[in-house]
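Next up: a single chain in structure tokens, the form predicted alone.
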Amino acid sequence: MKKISLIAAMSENRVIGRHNQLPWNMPADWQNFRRITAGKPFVMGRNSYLAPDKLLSTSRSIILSHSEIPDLCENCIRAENWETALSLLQHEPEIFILGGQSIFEQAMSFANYIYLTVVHGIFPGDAWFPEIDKLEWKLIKDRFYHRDSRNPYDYSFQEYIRAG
């Protein structure tokens, strides 16, 4: 079975963005993200692709959008729907869904893994990670880390697998 993974960083109040950017700077989260996703393809929405701090795969990045996107980067492909996006990646053993909010909401029904960084703080925002239904998802890893000189907030790396 193909591993379809959501990967996100959220605050304790589930904020994942404000004005199309992360509301914090956590180098440990970036290192963890790069380690987990190295060489794997990404799927993201148009706003995530247009964000100033966008993340692109060294493999392929699929951007879900009904509208044309001018000047797509190398290894970036626009897909109008999930069916097209997933068919473009049908031979990949694992794909990563990077968001934003509506993309995460749509993918919660068919993803089977979640990598989640929880930044322990409350932040204002305009984009949120969906609620994780404890009947549908099982927490299998939860590692807590204290803030340090480079990471201004306590944080946890969590991993969930679809139950059943």
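Since the structure is predicted, the reported quantities are computational estimates derived from the model, not experimental observations. For every residue, the number given is its place in the sequence shown, counted from 1.
There is also a form predicted in complex with a small molecule; it is not shown, and the following applies to it.
Novice: Counting heavy atoms only and using a 4.5 Å cut-off, do Pro41, Asn75 and Ala111 all touch the small molecule in the model of the complex?
Specialist: No, because Pro41, Asn75 and Ala111 lack any heavy atom that approaches the small molecule to within 4.5 Å in the model of the complex.
Novice: Report whether the minimum heavy atom distance between Asn47 and the small molecule in the model of the complex is within 4.5 Å.
Specialist: Asn47: yes, in contact with the small molecule in the model of the complex.
Novice: Check Ile62 for me: does it contact the small molecule in the model of the complex (non-hydrogen atoms, 4.5 angstroms)?
Specialist: Ile62 lies outside the contact set for the small molecule.
Novice: Report whether the minimum heavy atom distance between Arg35 and the small molecule in the model of the complex is within 4.5 Å.
Specialist: Arg35 lies outside the contact set for the small molecule.
Novice: Is there a heavy atom of Glu80 lying 4.5 Å or less from a heavy atom of the small molecule in the model of the complex?
Specialist: Glu80: contacts the small molecule in the model of the complex.
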